[in-house]
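So this first bit is one chain, no partners, the form predicted on its own, shown in structure tokens.
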């Protein structure tokens, strides 16, 4: 049982993870005993999965933005303010105006931010017109204009380094570009090159094999183990640390990602890239027992995908409830992740996996589910329909029938992991 003193949970970030975490905690804990306060610098919640479609004219930027405050349940206090730093030792958040906010429990849900300044030449190149990024709203809108005016040449899609938000999005961009230029009758004039620091298209073997085959069938070249050290916008070329180069006429670059700026300014809170070290199973931060992390802000091997935050939600709620009650944590997250992968021409794949299990064929959910690791029209429609679930179910922290935090094995062909 909680004590008679009102406890305060402070959530840093009103994105996917912070919003669903706050909503779940508000429902789970009595309002007369626990207050929930969420902090973010603005009131613009962007539906990030939709950014992929903006460059190809398949989504309007304005349709992807809603009010952050409108996504919270009654009884949650939302404050529009920037965080300067966290004083973990004093259980205090220092705000940009110098004021402070005490907490009993802190939830870091500040996500991942783009850091183009970490790559030589990239900030300047993003202003020249030949280099773009679709990982933010303004960049995606600008790229739409660039693609509309591109009538031939070398299109290089470059992932600078990992980890990044939604690791499959750059691959999806390559497939959608193939579709886009095919529909315009220009595909034979456009060379599409996918440039990655990985040794393959994806980190999991079975999925990498499937995606590599699809890219090859579409005539999309893959340049692997390319660690970008410089983006030369004037010469229109990517330069790796080992001296290799990839020339381009138009490049779509996914910059290095890092944690929020306040993490760097908070002693002991973050890692080298300013993500927060965390127990990947309990979601408890390593810096202090009353600090928890959800979603992209965590420094862990789990994919930085929106589905991860959704699956972490019940674990976070359970363990914070137990912490406040003085009980040991016992919830365990298994790294469950799933992603739709747009493959163009009105089709998509779906993958579902966790830390110890590869994406494999089958169906998800098992009964009347969507096909796994296989192109289908149904998966494409599922990705489009996900927008409704995102705004009305996922952010609200509601359970989705047949979808659990723990990765299911029913309906999957686990023997495919050993297939050649």
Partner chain sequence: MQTRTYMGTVVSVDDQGFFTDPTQWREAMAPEIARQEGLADLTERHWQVIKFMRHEYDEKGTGPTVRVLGKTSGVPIKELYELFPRGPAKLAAKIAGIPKPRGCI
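Numbering follows the first chain given and starts at 1. As the structure is a prediction and not an experimental result, all values here were calculated from the model.
The same protein also has a form predicted in complex with the partner chain, omitted here; what follows describes it.
- Figure note: of the listed segments 221-229, 290-298, 89-97, 143-151, the one touching the partner chain in the model of the complex, with heavy atoms no more than 4.5 Å away, is 221-229.
- Taking the partner from elsewhere, no residue among 350, 365 and 403 has a non-hydrogen atom within 4.5 angstroms of the partner chain in the model of the complex.
- Heavy atoms of residue 303 reach within 4.5 Å of the partner chain in the model of the complex, making it an interface residue.
- Mapping the unseen interface onto this chain, residue 234 falls outside it, with no heavy atom inside 4.5 Å of the partner chain in the model of the complex.
- The partner chain in the model of the complex is approached by residue 203, whose closest heavy atom lies within 4.5 angstroms of it.
- Although the partner is absent here, residue 279 lies well away from the partner chain in the model of the complex, with no heavy atom inside 4.5 Å.
- The listed set 327, 216, 118, 77 contains one residue whose heavy atoms approach the partner chain in the model of the complex to within 4.5 Å, identified as 118.
- Out of the listed residues 105, 193, 114, 198, 198 is the one that sits within 4.5 Å of the partner chain in the model of the complex by at least one heavy atom.
- Residues are counted as partner-facing when one of their heavy atoms sits within 4.5 Å of the partner chain in the model of the complex; in 42-78 not one qualifies.
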